[in-house]
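Only one chain is included here, represented as structure tokens and corresponding to the form predicted alone.
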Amino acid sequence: MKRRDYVSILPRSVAFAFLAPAVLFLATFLIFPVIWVLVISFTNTALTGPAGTSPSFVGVSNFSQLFNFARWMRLGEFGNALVNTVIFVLGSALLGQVPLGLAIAMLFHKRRGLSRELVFSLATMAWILPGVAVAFAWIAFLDKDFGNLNAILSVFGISKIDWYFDFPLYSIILFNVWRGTAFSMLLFSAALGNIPPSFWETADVIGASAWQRFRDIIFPLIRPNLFTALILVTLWTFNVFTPYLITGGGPLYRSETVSMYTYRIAFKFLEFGRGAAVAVIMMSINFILATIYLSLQRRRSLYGR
């Protein structure tokens, strides 16, 4: 009897029994929390005060407060956090991690030896180390008086910079680029390894320049991987919370992203209703980005591109 015959005679109840643990896990840790957040986003649920014991339905009031354009761009408001998040994502993901990871992968593609292993090991270690330990190391690294970065800059005659006060948003962008470049580096390294050797040999024979190699060989063949890296790194960077350990969103909310804003509203001010409204907006943005990614991946698989 063939394998498909065994599958066809498997009782439906037995099949559901095998699926039950996975369905229960998803319902408990994914579906129920999403529904719960969506429900309380339309209430004034809080941990303290009258709303803590008897929350009431407030409709879209929480959302209208977030999109109150009269105070939209004030420091500490949702609009300011959203703009900071866009800058943070563009700077650390699209302009930092992805191109830097591609550059490192290309630089060490054909190299073998200690230098390659050392660079790849250090980059991967920065990616897998616990966020708390890495954050405290960067707090010391960016310190104005005793930080290593200012000590290095002083060698070139650059005076001390108060990174946390003058450039708080750029500080966490630099931190996130350093921490997350390893993913793009490993992804592109694997993609470059899949390029047929005959392509490189042909480029050597015709004397193609580095730019011509990238334009005619590398970019067309790694374009799917490039798109995957852009989408995944964008999603991860949009939701990352580790930079909070460095700046706390300050000073004066100048480095506060949407994830930090959600934490402040929900767990510092204990206004769970407003915090849930921000979380719903974040989930919607993530859903839109994921839908775009999946639709383009589906189109690429259908048309073979």
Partner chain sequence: MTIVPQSFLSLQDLTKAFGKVIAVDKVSLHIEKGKFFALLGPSGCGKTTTLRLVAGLEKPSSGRIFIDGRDVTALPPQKRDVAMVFQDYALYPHMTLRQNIGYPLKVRGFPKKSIATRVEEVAEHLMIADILDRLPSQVSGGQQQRAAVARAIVHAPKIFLFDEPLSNLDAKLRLEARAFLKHLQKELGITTVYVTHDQAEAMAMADEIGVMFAGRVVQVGSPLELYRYPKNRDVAAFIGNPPMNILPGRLEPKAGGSQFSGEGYTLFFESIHVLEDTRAYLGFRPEQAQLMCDLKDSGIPAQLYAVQPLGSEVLITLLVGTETVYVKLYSESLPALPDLVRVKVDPSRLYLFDSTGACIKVPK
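The model shown is predicted, which means the values in this text are computed figures rather than measured ones. Positions refer to the first chain, counted from 1.
FYI, the form predicted together with the partner chain isn't displayed, but the following is about it.
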item	value
Residues Thr202, Gln212 and Pro220 all lining the partner chain in the model of the complex, heavy atom within 4.5 Å	yes
Partner contact for Ser154 in the model of the complex: the partner chain, 4.5 angstroms, heavy atom	no
Interface membership of Gly193, the partner chain in the model of the complex, 4.5 Å heavy atom rule	no
Residue contact check: Gly113 to the partner chain in the model of the complex, 4.5 Å heavy atom	no
Any non-hydrogen atom of Asp216 within 4.5 angstroms of the partner chain in the model of the complex	yes
Contacting member of Ala140, Ile206, Met125, Ala133, with respect to the partner chain in the model of the complex [4.5 Å, heavy atom]	Ile206
Contact assignment for the partner chain in the model of the complex, among Ser159, Ser198, Ser121, Asn148, heavy atom within 4.5 Å	Ser198
Which of 183 to 191, 76 to 84, 113 to 121, 220 to 228 sits within 4.5 Å of the partner chain in the model of the complex, heavy atom basis	220 to 228
